[in-house]
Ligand SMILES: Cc1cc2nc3c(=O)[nH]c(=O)nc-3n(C[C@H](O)[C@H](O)[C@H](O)COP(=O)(O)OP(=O)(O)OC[C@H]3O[C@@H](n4cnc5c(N)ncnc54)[C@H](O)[C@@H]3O)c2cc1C
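In the block that follows, a single chain appears as structure tokens, in the form predicted alone.
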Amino acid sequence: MVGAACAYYAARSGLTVTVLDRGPVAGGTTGAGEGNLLVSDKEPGPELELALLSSQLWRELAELLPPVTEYEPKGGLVVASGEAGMAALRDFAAGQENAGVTAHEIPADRLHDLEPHLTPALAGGFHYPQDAQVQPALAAAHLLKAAGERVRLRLGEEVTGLLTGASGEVRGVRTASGEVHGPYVVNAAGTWGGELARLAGVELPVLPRRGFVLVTEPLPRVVRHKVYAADYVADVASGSAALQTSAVVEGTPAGPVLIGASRERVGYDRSLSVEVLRRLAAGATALFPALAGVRVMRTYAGFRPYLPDHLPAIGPDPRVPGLLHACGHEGAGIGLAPATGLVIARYLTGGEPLLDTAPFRPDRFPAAV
């Protein structure tokens, strides 16, 4: 999705773009995502600024992309089981509102107005009308299509090396099929962004953070919003490598309910974890007891591109002239893609990047000893 957004905005700026992918469109992390477009889980700071800009851009893209992409500005609902949790949500929302986020406190006796099937055993929550959702694989594919003839798509071609000039500047990439020449290379390889960076001789400490999603049978609209427990925010911000699970439940226009979320750093191990699935199911039914009798049709795993400070790497790499990075968005890449793509396009064309990109500098991490 991030690569598609970079290609789209670069093409819109008048550039010619070649998109290389070793697999199919959305064959990696994008195809394993839920399609979250969230501001609700982000504290004030650079990532929230990126999310707010992306939220505006997603609304514009929704007018351009076909309905099959399932853009749905349904809003998010964050709930707390006790008064301590509600106090923490109030503090969090107050800081967000000062940064431009809209958040409405919902008392316990009004939660059912938003979610009729939600458990009554809750202390309240906050409604975030700016949260939205999209079908990520279809959105990426149609965004590439919308970019037009300036974008050339080459699938099934893995980048095996970077071409450089006499002064070390980028001159293109090498694949098994030959060389692709160009003055800029954008690293939008997601979880594998660190590997591509190493081909250029630089370190970018991207690590895979595995997550599972449960997909139920198609249902009437049991869940109207993206609903998640307050501890999800803490899990997103955590740097722990251990298994973490928090209840995240959302319906889709097609009918199935998507259930998450888990996080753990286990390398690229795709092994099915029954313990994780059990935890996800238990968390979902605790929030929505009606789901206890619903069948799970399938489950899948994906790898979030994790960077140690939880911020993506966006922009030119001063260590290699002509190399730009657009990766490391962890679980927020779908939501943050449009702003990332626009920032990259501005760099490529010499324009202003629209926001302070210093926190996203690719060379901000200390060199490995």
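Numbering starts at 1 and follows the sequence shown. Please read these numbers as outputs of a predicted model, since none were measured by experiment.
Not pictured, yet referred to below: the form predicted in complex with the named molecule.
Exactly one of the stretches 48 to 56, 34 to 42, 308 to 316, 61 to 69 approaches the named molecule in the predicted bound form with heavy atoms within 4.5 Å, and it is 34 to 42. Among residues of the shown chain, residue 302 is one whose heavy atoms approach the named molecule to within 4.5 Å in the predicted bound form.
Not displayed here, the named molecule is approached by residue 23 to within 4.5 Å at the level of heavy atoms in the predicted bound form.
Contact check for residue 115: every heavy atom lies farther than 4.5 Å from the named molecule in the predicted bound form. Although the partner is absent here, residue 28 sits close enough that one of its heavy atoms falls within 4.5 Å of the named molecule in the predicted bound form.
Here the marked residues 208, 343 and 363 all miss the named molecule in the predicted bound form; none has a heavy atom within 4.5 angstroms. A heavy atom within 4.5 Å of the named molecule in the predicted bound form is found for one listed residue only; from 139, 189, 247, 79, this is 189. Using a 4.5 Å cut-off on any heavy atom, none of the residues of 130 to 146 reaches the named molecule in the predicted bound form.
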